[in-house]
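In structure tokens, one chain follows: the form predicted on its own.
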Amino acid sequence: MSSGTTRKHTALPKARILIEALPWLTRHHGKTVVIKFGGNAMVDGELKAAFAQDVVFLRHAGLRPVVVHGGGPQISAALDRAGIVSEFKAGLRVTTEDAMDVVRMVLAGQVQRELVGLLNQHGPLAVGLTGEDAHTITATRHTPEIDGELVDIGRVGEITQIDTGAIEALLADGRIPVVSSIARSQDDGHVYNVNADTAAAALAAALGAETLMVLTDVEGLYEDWPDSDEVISRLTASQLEKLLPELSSGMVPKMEGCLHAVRNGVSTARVIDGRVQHSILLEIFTDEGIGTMVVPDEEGDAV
């Protein structure tokens, strides 16, 4: 057998895999997908590189990816170096004036720059911005209620408005926007630290995205944690709403974000395992969804 024939045969499985993706390529073409980058995928070198490849692949496959990121581990490390104690209340980082300077520097000057650099190894694609740019994200001071009392947690913002103009312009130009979860203030001239899961969900809704994908360090939403590690592969907005009070504190903003997205026009919201290389491609282009997908209620579902 000639080497040419052998080569054809070894290439066939690749062709089959590509063709399997065809229905999804057709379905998602031209659609906007917002991806929240976080967890292990953010600190492990190989996972970071795979994430960048996935996002660039989506862009070349005709989708319009938008990346939103926080930077919890990097912020904690920088605060330690600056001698500022990390404190959390109600699952949110207490952000003093001094801490806010560090947060802004780490998100916009370190995490975002690295991500933009990884994406741009594949071409002149990624452009970084923060919620401050072009009024993309506006917030007001968030004072959570803990045990019936309103608690001051500093420069932590609650999103009041999204302006998608700058992101839309970048997408129309074929770029990949990379957004740091910092917001401009609606009322006092300061900037605010906003939860990146919440920011991603708000942007997905405002952009009319097809999909919101939240990378996390678990396989998805577990059926009956800790008694079972069965992942719920699909649930409706109303089913999710009933589960919210039982979820662990880290999962709450993620699942609240998914709920907000699908209740505000996003077709599907998914929590996927960012510890799996190329999990984004597996989720978007195969039948074997690998996380938890939240879908809007159908008529008659809502309670």
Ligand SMILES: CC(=O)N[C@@H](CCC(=O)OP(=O)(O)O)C(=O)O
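Predicted model, so just to flag it, every value in this text is computed and none were measured. Counting begins at 1, following the sequence as shown.
Below, we turn to the form predicted in complex with the ligand, even though it does not appear here.
The stretch that touches the ligand in the predicted complex, counting heavy atoms within 4.5 Å, is 88-96, out of 144-152, 122-130, 88-96, 165-173. Heavy atoms of residue 70 reach within 4.5 Å of the ligand in the predicted complex, making it an interface residue. Put simply, residue 195 is close to the ligand in the predicted complex: some heavy atom of it is within 4.5 Å. The shortest heavy atom separation between residue 270 and the ligand in the predicted complex exceeds 4.5 Å. Using a 4.5 angstroms limit between non-hydrogen atoms, residue 40 touches the ligand in the predicted complex.
Site residues 64, 178 and 211 are none of them in contact with the ligand in the predicted complex, judged by any heavy atom within 4.5 Å. Just one of 156, 118, 205, 159 comes within 4.5 Å of the ligand in the predicted complex, counting any heavy atom, and that one is 156. Shown here without the ligand, the chain has no residue in 50-69 lying with a heavy atom within 4.5 Å of that partner in the predicted complex. Relative to the shown form, the CA atoms of residue 40 and residue 46 are pushed 3 Å or more farther apart in the predicted complex.
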